[in-house]
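What follows is a single chain, given as structure tokens, in the form predicted alone.
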């Protein structure tokens, strides 16, 4: 082998293996207008393409890699949520709110690179694997009555399922933490105190997998793990009103942050000040580094940030590097009462059930325009238009029989022609015990519209006695409706292009359509008298005992012996 060829071969090997695994951990804290504190943990693990890197890993969890390879997962998102995200108080029109807000219970979306005939069977096997991995009842999503193929996804290999009744507890968090290189022994995960997390007002943990190995696009596999907690405001202190209270990391989580995970290339803590809060600070926001964040007329911080990033919308992001502090106990002390409002988006959405009785009713989805400047959901760089597009996805269980011809749309309290507002629609009726009903509608309304109402009527079905859950009298949960505003792009642009290798900042800057979830509706069905089987069994056993007791007594009694015994005495 000649020397030039050998050198070229060595350089080729070096270039192939120069890309290594990467792991980052980040925490974003945000004071909320109602006095609570939002904590968003973001962990990201990146694996180079298998063709170049091989199957032996140093940081990437083996269990996730095996799932990706066995079930050929291109994209997957799994969430466990306890509580409901308050869109009016905590916001919807910003990237962090889009990451944090998920429906109650378990939600699973997966895009698989398998033949179309094998998608459903692969989906079922995937749910069983995830159920064992996270100690949850995800395997119930194997049933065809709990998942569907979203039409708007434009992919026949995508499946969506939800379990609104699934309870979330520490048994789901422990295996989630085991996927991290440092688990909960070092770095930001040491702040995850179980009682603190599960006593909060809202808690949501997510697992996002993106793999490019099957497309040969040399992107590798990325695993993102996020944990969002809305912590209750601390106890009332003297001085200010009870709305805003001083807080520190040790006060919120019970401990200080002592260093970073040794295996993490990035370990940062961010304090975000929303646009309406940042406006109260003295100084020119275009020259954000001149603002005294440690001590100003609105609040004071326990330590100065290492860097400040300002977005074009006016919000501020204060960065603290965990690796440069032996102990970081970031805290905020309020000096004056301040009122601000989050970015709410164009419409406030709610879903409720109308009607009475156990026979029939209607499902109503209502959109009401938000007042004030926060009602504009269009971000910088997106041209304003004269209409708003709304896409609705509803998955309804089979025992709720929808009638497609009863669909009605009203604008500002007036009924309008259905197809004058609806651009696209797919209505899939349910099959008893085989498939759920699916309603996917694309609406287009004027930007000046103040209220939109969508109504559909239904009849309630009957379940067998063995199909009822143990707490049947509580009712049945209808999964949340997924509502998307495709022309309303949610992202942030920073004045400085140097954002480093931060995964959370990359997610914040990426454009995505605004998506919200409706409430989980509780429906009452006709419930049988579960005591009747017990009463029937008791009565039957009593009758049989009396009958057979009398029969045996008559058969075994000997009259002659009784007479002789009586004469002998």
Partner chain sequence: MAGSTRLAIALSALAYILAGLPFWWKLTEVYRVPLPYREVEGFVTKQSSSSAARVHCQLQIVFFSKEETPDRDAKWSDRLEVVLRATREWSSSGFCEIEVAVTLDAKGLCLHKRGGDRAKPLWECGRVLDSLHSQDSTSIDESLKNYIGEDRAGKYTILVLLDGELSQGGGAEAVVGKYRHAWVVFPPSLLGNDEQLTRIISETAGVLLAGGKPATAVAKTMPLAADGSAILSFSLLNADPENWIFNWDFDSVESQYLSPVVDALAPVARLSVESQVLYYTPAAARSQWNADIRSHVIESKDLSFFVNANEWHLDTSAAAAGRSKVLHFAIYVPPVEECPLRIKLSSGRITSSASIDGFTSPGWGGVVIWNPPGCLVADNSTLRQRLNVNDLKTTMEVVVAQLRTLFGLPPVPPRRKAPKLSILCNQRTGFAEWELDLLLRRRVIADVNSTASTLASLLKLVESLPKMVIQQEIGVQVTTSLEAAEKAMDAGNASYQVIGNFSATAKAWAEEAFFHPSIMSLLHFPKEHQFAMYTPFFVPVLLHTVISVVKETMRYARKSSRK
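Residue numbers count along the first chain shown, from 1. Just so it is clear, the model here is predicted, and its values are computed rather than measured.
The next section is about a form of this same protein that is not shown, the form predicted together with the partner chain.
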{"item": "Per-stretch contact check against the partner chain in the model of the complex, the hit in 40-48, 57-65, 523-531, 501-509 (non-hydrogen atom, 4.5 angstroms)", "value": "57-65"}
{"item": "Non-hydrogen atom within 4.5 Å of the partner chain in the model of the complex for each of 133, 541 and 549", "value": "yes"}
{"item": "Close approach of residue 182 to the partner chain in the model of the complex, 4.5 Å, heavy atom", "value": "yes"}
{"item": "Interface membership of residue 186, the partner chain in the model of the complex, 4.5 Å heavy atom rule", "value": "yes"}
{"item": "Partner proximity in the model of the complex: residue 263 to the partner chain, non-hydrogen atom cutoff 4.5 Å", "value": "yes"}
{"item": "Contact label in the model of the complex: residue 178 to the partner chain, heavy atom within 4.5 Å", "value": "yes"}
